[in-house]
Each structure stands twice: as structure tokens, then as C-alpha cells.
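Taking the form predicted alone, here's one chain by itself in C-alpha cells.
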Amino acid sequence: MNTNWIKTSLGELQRNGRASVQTGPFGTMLKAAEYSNFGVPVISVGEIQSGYLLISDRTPKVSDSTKKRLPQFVLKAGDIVFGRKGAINRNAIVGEDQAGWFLGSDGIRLRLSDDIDSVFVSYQFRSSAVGKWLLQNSSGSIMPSLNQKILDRLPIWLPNTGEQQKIAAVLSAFDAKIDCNNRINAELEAMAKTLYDYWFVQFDFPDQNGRPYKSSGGKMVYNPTLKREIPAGWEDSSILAVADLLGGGTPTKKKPEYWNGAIPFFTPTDADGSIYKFATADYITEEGLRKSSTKLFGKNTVFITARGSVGKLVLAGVDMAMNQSCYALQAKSGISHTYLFFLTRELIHHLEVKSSGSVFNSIVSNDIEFTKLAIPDTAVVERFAAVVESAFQRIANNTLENQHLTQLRDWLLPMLMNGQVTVE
């Protein structure tokens, strides 16, 4: 860190009244019966991402009455939240629209006085130096954990408030653009999905007169396999009518020369919710590719995670290999990857419904080969592609731009913190 800045610690800031730390409620204070599907989100380690909070359908909620009973756990804008165990080197800033959310049992909340820029401190805590310190000083032999005593010793380097704000503004500009691209991508994906549902689920694709097919009286035929009516000329078939199913493999870890090459190696842990993937956590070499059962899958191949994190879909943004915990679907000639992506999502939905009441913990090739879907003629697929492919290309471009912005921000962060780069 910059040696010209004032070095202090979180404990010292607390003793001076410039910071307060609150650990999440223990089970004796917040019982499981108080979690509900209504109210405000409960923020635990799973919701804490690098710099932001991400809630999902699985995020529990608590009611206003619980908030009133336990006000010390209600979050305010500008609070910094950590995970108390597991991913302890991540932290997130609570935004204005997240004020009032509730701190979960495995979370820790840091609240700073007005003369300390919490965004600056959040970025400092995300630097590799602080992340390393947290992991080295954590407790727990199996899973790293934090407690009040450890956090008291956490070192903090503070420039004057003006410089804190300047540094925070530079780094926030990167995150603002990344967030903007993510919101554009979400809108484009939602629009494309709406069109897919309209055409291929409700069967209101444009007829020969440009009118919605089913709603305009287009001929529907009962299909005994699907047990419903589908447009005349459509067929019941598996997804293999429009794509080839392929498997992956993993080069042996005993051969270091097979790893750390230039070929992205996709595994379920790389599926982070983005449609496109351009970079992966692991890379293999050409030799690793040749001497294993994995293959090189081309751009726009659909990957399905089949074990671990099951049922997530990703499109390969570049040529990449894949491990045996995934399946790959490569569109046949004349079939757009955009149609195949949404058809695969429809397949996954069928499998989830089919497994209702049991655990959806894996997908096997038979699930893909023998699940019947309504397959249109290629002319409808081509018209869909003509509309949607440009949106997918924009999503790909934004995803790639975000990757570059993230790399640049993460390169700049330690240099701003150690004084190699200054903001005028």
C-alpha cells in the first residue's frame, strides 16, 4: 500500500468511533421459521459478489416485523458486507436501492463514518494484498472464517478524503460501464426470449401473410407424443434433430505440460449466468488437447452443465475445450445457434418439470436424446435467426468488453492503492 497514507486498523477505527462492525444474527436470534418468501432479502455469503450484491430466487427473505425486532441487522446504503465464512475475501457495497435489506447469519457488516469513503475502502479490501491478508489470518481448518478479533487487526491505509473519493470515482467508472453492459445484455436476452416464446411456444410465428400463425387460425394438429396440438408441418423429435450431441474430457493433472496453455477449458464452475463465455478459469495446451478425450468446440457451441451446477447454458465465445461434466450441442447446418440456445433452455425446463419432487442433480445423455420437443421447419428458424442474431452479437460484444474492462480495473486497482498511479 501507499506508504504516504495513514496506516490504521479496523479495530482502531472502531475505538475512535469511525467504524462499527456487526456480525449477522445467530440462530438463537433469527430462527429458520422466520425466513419467508416475502419481505426483504437476507444477505448471506452467497449473495455477496465482488463489489455488488446478487440475489436470486433462492435468497430467503424476512418480514418487516423481523426488521423491527432486530434493527441492528438492517443494512444502510454505503455499508460494506463480507462473508463470515467461505468466500471471505469478497465484499460488496450496499446500494441506495438495497437499503433496508437484512444481514444474514453468515454475513458481517462494516459501517464507516462520513469522513471515510466506503467505496474506496471496499475497493481496497478487494485488492489482492488485503485478500491475501484475510485468507492468511482467517480461522478454520476446512473453511476460512472471520470473526471480530481478526477484523480488528485488519490493516487499512487511508489518504485524505478527497483522494479517497477520486480513486473510488476512477474505479467506479469501470464498474458503472460493466453494469450498464450487463443491463443491456439482460434486456436483449429478455427480448430474444420473449420472441422465442411467442413463435415457438405459443406458435404465433408470422404466417405467410405476416400475421401470428395460431391466433390467426393457422392449422394445428394434435400430436399424440407431445399430447398437444402443434402447427401443421412441425414434428415431434429430440433436440438431436437440429444439433449434434458431444461429450468432453479432462487431460490428466499428472502432466503439467497439458495445463496452463492457450486453450480455454470450460467446466461447470465457469457458468456464471452470462450467455457467452470467452475466458475460463483453466486453460490447456495443444498437447493436453491431443492426448485426452476432450475436443475443441467451435464458437457458438452450446454447453450444458450436467453435474455439479446442473442445467446452466453457455455459448462458447471462442473455440474452447470442455470437461466430462458438461455436454456440448453443435447446431446442424442451417440451424442458428440462437434458436438452438433457447430450444436447449426449453429442454432443460422439461427436465426440471419431469424431475419435480426428486433432486435434479445430473443430466445424462438419454435425457437429451429421448426428450421430445416440437420442432419447426427450418424456414421459421431462419426467420427467427434473422431477427435475433444481431442481438446475440451485441451481447457477445458487451461480454467481451466487460472482460477487458474487468482486467483493466483489476490491473489498475493495486497500482492506485500502492501509489504507482495517482489521480490528479
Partner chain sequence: MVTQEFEKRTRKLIDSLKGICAAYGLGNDGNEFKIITQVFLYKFLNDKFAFEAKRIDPKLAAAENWAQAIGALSSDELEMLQLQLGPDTARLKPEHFISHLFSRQNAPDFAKLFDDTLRDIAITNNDIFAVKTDGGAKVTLFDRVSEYITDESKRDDFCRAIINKVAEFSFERIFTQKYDFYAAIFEYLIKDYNKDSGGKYAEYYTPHAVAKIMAAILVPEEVRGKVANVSCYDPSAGSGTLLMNLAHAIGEQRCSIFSQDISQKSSSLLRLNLILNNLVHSIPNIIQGNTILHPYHRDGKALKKFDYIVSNPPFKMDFSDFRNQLDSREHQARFFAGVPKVPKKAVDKMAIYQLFLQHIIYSLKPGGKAAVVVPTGFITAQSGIDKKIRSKLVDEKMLAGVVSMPSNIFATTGTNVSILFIDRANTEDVVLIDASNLGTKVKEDKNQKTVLSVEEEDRIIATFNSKEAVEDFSVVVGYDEIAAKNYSLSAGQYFEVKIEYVDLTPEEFAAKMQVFTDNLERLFEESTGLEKEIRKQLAGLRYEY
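Residue numbers count along the first chain shown, from 1. None of these values were measured; they are calculated from a predicted model.
Missing here is the form predicted in complex with the partner chain; even so, the following discussion is about that form.
*Mark Val364 yes when one of its heavy atoms lies within 4.5 Å of a heavy atom of the partner chain in the predicted bound form, and no otherwise.*
Judged by the heavy-atom cut-off of 4.5 Å, Val364 is in contact with the partner chain in the predicted bound form.
*Decide whether Ile6 counts as a contact residue for the partner chain in the predicted bound form under a heavy atom distance cut-off of 4.5 Å.*
Contact with the partner chain, no.
*Does the 4.5 Å heavy atom contact test between Asn181 and the partner chain in the predicted bound form come out positive?*
Judged by the heavy-atom cut-off of 4.5 Å, Asn181 is in contact with the partner chain in the predicted bound form.
*Does any heavy atom of Phe26 come within 4.5 Å of a heavy atom of the partner chain in the predicted bound form?*
The answer is no: Phe26 has no heavy atom within 4.5 Å of the partner chain.
*Site check Leu10, Ala262 and His404: each within 4.5 Å of the partner chain in the predicted bound form by heavy atom*: Not a single listed residue reaches the partner chain in the predicted bound form, so no.
*asked:* I need the one stretch from 125-133, 184-192, 264-272, 299-307 whose residues put non-hydrogen atoms within 4.5 angstroms of the partner chain in the predicted bound form.
replied: The contacting stretch is 184-192.
*asked:* Which residue, Lys255, Lys149, Lys332, Lys354, is the contact with the partner chain in the predicted bound form, using a 4.5 Å heavy atom cutoff?
replied: If I apply the 4.5 Å criterion carefully, the residue I get is Lys354.
*Position in contact with the partner chain when the complex is considered in the predicted bound form, options Ala176, Ala232, Ala281, Ala77, heavy atoms within 4.5 Å*: Residue within 4.5 Å of the partner: Ala176.
_Pick out the residues of 384-418 whose heavy atoms come within 4.5 Å of the partner chain in the predicted bound form._
In sequence order, Arg394, Leu405, Leu408, Leu412, Met415, Leu416 come within 4.5 Å of the partner.
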